[in-house]
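Consider the single chain below, provided in structure tokens and representing the form predicted alone.
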Amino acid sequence: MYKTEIQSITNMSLSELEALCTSMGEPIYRAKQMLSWIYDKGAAAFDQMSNLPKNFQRRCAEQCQVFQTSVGTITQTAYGTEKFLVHLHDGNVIESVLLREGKRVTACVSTQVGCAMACRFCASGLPGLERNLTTGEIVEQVLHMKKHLLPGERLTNVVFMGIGEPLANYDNVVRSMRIINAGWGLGIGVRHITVSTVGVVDGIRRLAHEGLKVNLAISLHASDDVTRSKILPINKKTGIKNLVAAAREYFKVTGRDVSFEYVLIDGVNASKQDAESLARLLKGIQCNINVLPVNPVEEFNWRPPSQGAIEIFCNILEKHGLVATIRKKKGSHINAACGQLRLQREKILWKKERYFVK
């Protein structure tokens, strides 16, 4: 069982690395030199950091490591979406996705091994939650994808929308966001970092006061508690009113619009009445609504509505003054689209366990 974080540079803040350098008798500027090698130049080992003294390189290698993860397979679609299989030090594996749309290049990262939320359209949580990812394991997903960019490309956005519930791994996610944002880290602005949550209300309120002002995306998927609880079991604990109140607080404190994710499921939450109810629920909230027809998942029977029904749904929202965007499907052919992320190896093991356990 996983218990403690590996001593990895990607787990550390600048001040923590400066303290490490001082403890080893080196000047604190060595810390920025090391971070520049990792985050700017893509170094994966201390002996690649040519401006560090050889003796210091050796001692660093004895006490810690640069990377605690490695990339296995990379699966690609015809239009540039790539799914990365990332191996962790304890034998677990996770998935990350690199998305391309014009000049926008987005790293979609996972925050947990598995997921405890059990959302009824999502394959990621079927085997349950194994453990949280460390700060470094989150950051390294971005670094792996950055190394894989094409000549002339640069990483523009990071979204916490992979496997796991980010706000259920709050401390490590916030630490990783600070590293991703920091000038000594990956240098990606907060306006280009998005955290997606199924509705961890306490986490939303806590995040509002972190001073980060990152984008917040809330998986809503219904406008009443009965329907939402059917889709998202966590709603039984939180309730839509509390969730919407937390969204209002986030906007009030940060000044950032909140995005609501809404997966359309035929016969469940995609009717004209559902659209009218959603418009009433979100009235007066500065927000965007991202509408996405549900992606097919083998274990669930839910299917997307017709294109005509999707357009009618969005038109109703827009008539009420809401901003609704139909999100493009990307990565569904490699099971990298919304709700589809889950390792094939874990899928096979889960099926076997389900079959044999009485």
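The first residue of the shown sequence is 1; numbering continues from there. Computed from a predicted model, the values in this text were never measured in an experiment.
What comes next is about the form predicted together with a small molecule, which does not appear here.
- When contacts are defined as a non-hydrogen atom within 4.5 Å, all of 122, 165 and 219 contact the small molecule in the model of the complex.
- In the model of the complex, residue 49 stays away from the small molecule, with no heavy atom inside 4.5 Å.
- Taking the partner from elsewhere, residue 130 is found to have every heavy atom lying beyond 4.5 Å of the small molecule in the model of the complex.
- In the model of the complex, residue 263 approaches the small molecule with a heavy atom inside 4.5 Å.
- For residue 214, no non-hydrogen atom is located within 4.5 Å of the small molecule in the model of the complex, even though that partner is not displayed.
- Between the small molecule and the residues 316, 289, 292, 38, the one pair within 4.5 Å by heavy atoms in the model of the complex involves 292.
- For the candidate set 135, 223, 81, 196, a heavy atom within 4.5 Å of the small molecule in the model of the complex is found for exactly one residue, namely 196.
- Heavy atoms within 4.5 Å of the small molecule in the model of the complex are found in exactly one of 94-102, 238-246, 181-189, 114-122, that being 114-122.
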